[in-house]
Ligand SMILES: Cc1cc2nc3c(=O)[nH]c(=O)nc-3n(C[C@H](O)[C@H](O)[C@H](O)COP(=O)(O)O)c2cc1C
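Heads up, the chain below is alone and in the form predicted alone; it's given as structure tokens.
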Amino acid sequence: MKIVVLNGSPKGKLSVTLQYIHYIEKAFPQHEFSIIDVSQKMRIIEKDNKVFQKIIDEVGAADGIIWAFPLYYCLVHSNYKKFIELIFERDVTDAFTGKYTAAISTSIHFYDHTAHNYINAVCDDLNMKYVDFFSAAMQDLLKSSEQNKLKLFAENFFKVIENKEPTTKNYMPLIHSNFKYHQGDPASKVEPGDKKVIVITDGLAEQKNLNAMVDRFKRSFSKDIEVVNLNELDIKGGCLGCIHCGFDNICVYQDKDEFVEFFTTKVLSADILIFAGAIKDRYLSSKWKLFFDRSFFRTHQPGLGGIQVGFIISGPLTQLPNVKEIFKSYVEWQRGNLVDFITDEYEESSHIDELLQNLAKRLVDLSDKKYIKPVTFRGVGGMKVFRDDIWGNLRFVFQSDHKFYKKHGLYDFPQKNNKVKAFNRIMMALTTIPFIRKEFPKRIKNEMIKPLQKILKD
């Protein structure tokens, strides 16, 4: 069989993910593999239609397609996202229709599920036959147990193709609306005081609803607020995955374009941030993905601490829980406060006006009160993944993170809490005594709430 591998790493042949593909190649020499470095060669692919069409022709001639990619900010790299956009924009979806497909990623398992949800949904939109995914930690290939899993994964993929087995469709087509939003005038204005309010958008001229919602939000305030359009920002290219920033947060693009200065002086210094964009396939645009990828010069350090965040989205956001999950997770682990998502799905202009006006009011009010809601599993679990990897295998690579985590008490390992260690040692010894062990179930509920009741009395 002929298998086409769409390599989503900007590092091309030096991709960690690609080594997993090479392992499959060696394990199954009877199959022909064609590896295409999509992300690394994105500029050429976008500019030269012959190069793009050659890739599409290879896809059309293949028996199976493997999407192979490293994770970048809960999704794929911005160049990979751009390639997916081109498939739809240039109307070459027929080449993918009916093709058996699977996905392989490498990461530290930080929101790898959202990236695979995205690829699965794109494959369903392309009417491909999605079989399965394999999400590996970067060094899993060194373990014999993981090598066996990878071989079984590949063996199953090839078997499904050979037997022409049916596959499940997990995502239904999105339903887009033709609703046209017409903004009204605010009855009153929100006084932002000395709050620094920044709206970041990627709105193009033809995105009428998005631009109108941004303008209506802007007019909710009693004084002018800053709106930055990513399309007007000088950004030379996407994240290279070079880890140049690991030692001291200095990006390889430093002083070569406007992104680092913009992010440092505008984004990180804001009191209130609005991210505004339109749904494109199963996410926002590749321009927005470029924004998030390039912000990685701060590596794994939370940067939105204390900032109130809102999203203004044009398109079927409520049909895309995966997108909401990504942005909720992003804000939580960055230690910001996500106030709300406002979309044009309500299809009633006056109601959208009210929601935008209320969003402005709530953002200022919560900023005045310095309110940050408690984090959920998204923030707690995500931060623990970073904590453990920065303490462990990634410490020498991301030395800046290591210093930051030490300084801000992010190495909060429970096994280092001597008080808890002593308590557990004593209690575990006591519960070996039959009488105490018997009494324990009777008393545990009262004992759990006793410290809280003391607070209520005080």
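Model, not experiment: these values are computed from the prediction. Start at 1 with the first residue shown and count on from there.
Just so it is clear, the following notes concern the form predicted in complex with the named molecule, a form of the same protein that is not shown.
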> Okay, which stretch from 215 to 223, 105 to 113, 273 to 281, 359 to 367 lines the named molecule in the predicted bound form, with non-hydrogen atoms inside 4.5 Å?
Replying inline: 105 to 113
> Quick one: is F296 in contact with the named molecule in the predicted bound form, heavy atoms, 4.5 Å cut-off?
Replying inline: yes
>> Please tell me whether any heavy atom belonging to L71 falls inside 4.5 Å of a heavy atom of the named molecule, as the geometry stands in the predicted bound form.
In response: yes
> Given that the partner is absent here, does V228 sit within 4.5 Å of the named molecule in the predicted bound form, heavy atoms only?
Replying inline: no
>> Test of understanding: in the predicted bound form, would K11 fall inside 4.5 Å of the named molecule by heavy atoms?
In response: yes
> Among the candidate residues G379, G241, G310, P192, which is the single one with a non-hydrogen atom no more than 4.5 Å from the named molecule in the predicted bound form?
Replying inline: G241
> Of these, L268, M138, V252, L233, which has a heavy atom no more than 4.5 Å from the named molecule in the predicted bound form?
Replying inline: M138
